[in-house]
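Here we start with a single chain on its own, the form predicted alone, put down as structure tokens.
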Amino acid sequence: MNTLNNKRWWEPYLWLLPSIVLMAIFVVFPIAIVFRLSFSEISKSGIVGGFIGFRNFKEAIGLPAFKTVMINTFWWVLSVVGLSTLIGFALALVLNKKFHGRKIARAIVVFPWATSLVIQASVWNYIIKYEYGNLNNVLLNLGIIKQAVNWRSSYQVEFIWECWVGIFVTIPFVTFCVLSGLQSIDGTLYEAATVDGAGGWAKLWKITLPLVRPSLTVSTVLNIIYVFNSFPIIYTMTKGAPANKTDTLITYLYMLNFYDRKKGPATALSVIGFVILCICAGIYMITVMRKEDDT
């Protein structure tokens, strides 16, 4: 029997081969091409020249808007991932409890995630319009404000609105990731904790958080990747205006490539973004795994 197993050691790899081939074709190969292009001279028409070292990276980092774009990207990812995780976790705790209309509530929560990001951004663009936006109309009818407010009075305010839309559409994903973890927790653990005299906060910190941590890890890592690479919300709401003040790295490199025709620096920025994502995801995963090992 052992001899038969030894002879068929290759069988698991055979079953994995289609996935490995697909990953190589659609993930590894394109990444390798982008890395090669970032070290090559690229004309405005897209013709690839010879090796030029780090010239594209130096040009990209030296662009006037680079610092602003990187700061925007940092706050974009931090605010959207951080706040959506906090709100989504709290919402998951509520939806995990039994109450009348829970199924309807879950359906309502998932709706922003189920619709297109372009549609969501367009709707919010309409809501905060100064002249005929729904937000001003509602607040005026309720008597909360006396005259219409310009909700897009500065690029800082516009960027805050972009972050809010990002949070709004990300909350459902976090909620249902956490909810799946909550529903896998054995209810007898809470019953035993109640018998031992543990209160609500003690149950949350000692039972809920440790057992939901794997679900939170998955949602956080995926959120960092998705939010960092998010394009539709910012492009639909502002297109980075004015003067790239509301751009993030992804929208900026798009404008740099297709509008300014600076394909070399745009490719270098995409590599910079890839490296940043790998570092952030790696640090988070290592930190979480160390905490799990300590427990």
Partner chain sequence: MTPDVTRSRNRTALRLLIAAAVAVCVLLSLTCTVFRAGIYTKKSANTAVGDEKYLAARAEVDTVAEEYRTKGFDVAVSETVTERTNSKGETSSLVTFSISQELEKNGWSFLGTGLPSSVILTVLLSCVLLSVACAAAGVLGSMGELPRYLGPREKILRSAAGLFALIALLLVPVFVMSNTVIFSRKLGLYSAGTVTEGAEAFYRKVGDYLFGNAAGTDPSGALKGLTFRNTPAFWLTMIPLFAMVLAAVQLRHGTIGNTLLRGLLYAFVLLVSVVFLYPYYVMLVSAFRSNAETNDMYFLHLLPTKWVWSNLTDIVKRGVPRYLLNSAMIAGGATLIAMLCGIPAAYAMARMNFKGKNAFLGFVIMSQMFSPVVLLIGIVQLMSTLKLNDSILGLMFINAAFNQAFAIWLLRGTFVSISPEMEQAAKIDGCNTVQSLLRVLLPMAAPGIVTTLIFIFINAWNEYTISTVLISTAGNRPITVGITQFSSFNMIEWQYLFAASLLATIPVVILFMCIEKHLVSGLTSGGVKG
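Each form is matched to the other, and the largest set of C-alpha atoms that superpose within 1.5 Å is called the rigid core. The structure displayed is predicted, hence computed values, not measured ones. Residue numbers count along the first chain shown, from 1.
Note that the form predicted together with its partner chain isn't included here; everything after this is about it.
Of the candidate stretches 202-210, 188-196, 67-75, 140-148, only 140-148 contains residues with a heavy atom within 4.5 Å of its partner chain in the model of the complex.
In the model of the complex, Val81 stays away from its partner chain, with no heavy atom inside 4.5 Å. Contact check for Phe57: every heavy atom lies farther than 4.5 Å from its partner chain in the model of the complex.
In the model of the complex, Phe159 stays away from its partner chain, with no heavy atom inside 4.5 Å.
Contact check for Thr246: every heavy atom lies farther than 4.5 Å from its partner chain in the model of the complex. Residues Ser215, Val218, Leu222, Asn223, Ile225, Tyr226, Asn229, Phe231, Pro232, Tyr235 are the members of 209-239 with a non-hydrogen atom no more than 4.5 angstroms from its partner chain in the model of the complex. When the rigid core is held fixed, the Cα atom of Gly199 travels less than 2 angstroms between the shown form and the other one. Annotation: Cα of Gly143 displaced by at least 2 Å between the shown form and the other one, core superposition. Comparing the forms between the shown form and the other one, the C-alpha position of Ala241 differs by less than 2 angstroms, with the core used for superposition.
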